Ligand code: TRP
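In the block that follows, a single chain appears as structure tokens, in the form predicted on its own.
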């Protein structure tokens, strides 16, 4: 009996950061010990917003691959590949686009939220609107049993099932319905207190040097009402405290009390956070420095992925009577 299959991807729109790690990648690392996992770098998806600068995407793919390996993804346990190296994704996407009603993609809630988040770029393109259809192709071409997602991605998985059912109704039962593997993730703030995001330029990257990390921690916003150390603090409005809740959890009550009683200053708080972050990121940086064969790993992963994707695409085209 084969293991259940898991599929997930991440866009190479910039260096991976703590939000990516705690929001998805730590879960990926655990899943590879239990499931047959396919993890891909979604460079085609990234073109929906980086269509005007594809060269930057090309250079970022290796950075993202290095980060994935550094956090503990194992090419012996998981299939790790670049999306565009498996052209079957694109062809199945084209087929799905022919049967997907426009109203289905227009109602996906992340469509409008992404437009609001990404400023200064024309996102009124077919590719951006059709992003969830390509995502459906990514999932269904491997007949994935599960897709690990956060709550904001649940509408995408439901749309994938709707597209799969519509294909099956037209042409016969081919695609199984994937289930979401809901991942509870911490709300990782950025250095400015907003959600950590490449778009907001507020991220702490997994590959940041010690100097970069120190600079970012020092610029974090603390309690604006606390002018001097003797002022009593309000940790609930402090970005540094938000980070402590994640990375210094055993001491969080002590930190809060000391802040409220003015027994702990903001500088001290930042220094302790910096120590915690450096300790947390140290093994990732160490593994990253030892990685040398990224191209070979991605090529081998693409070969394994294509063996399955090409079979599924052939089955889909046969079901449709295309050959």
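Numbering follows the first chain given and starts at 1. Model, not experiment: these values are computed from the prediction.
The form predicted together with the named molecule is left out here; the points below concern that form.
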* Asked: Any chance 20, 69 and 288 all have a heavy atom within 4.5 Å of the named molecule in the predicted bound form?
  -> no
* Asked: Thinking of the named molecule in the predicted bound form, which stretch from 39-47, 275-283, 55-63, 288-296 has heavy atoms inside 4.5 Å of it?
  -> 39-47
* Structure fact -> the named molecule in the predicted bound form has a heavy atom of only one listed residue within 4.5 Å, and of 108, 139, 188, 206 that residue is 139
* To do: Counting non-hydrogen atoms within 4.5 angstroms of the named molecule in the predicted bound form, say which of 78, 202, 84, 153 makes the cut.
  => 153
* Looking at the partner-bound form in the predicted bound form, is residue 7 within 4.5 Å of the named molecule by any heavy atom? -> yes
* Asked: Does the named molecule get within 4.5 angstroms of any non-hydrogen atom of residue 246 in the predicted bound form?
  -> no
* the named molecule contact in the predicted bound form: residue 94, any heavy atom under 4.5 Å -> no
* **residue 131, heavy atom within 4.5 angstroms of the named molecule in the predicted bound form** => yes
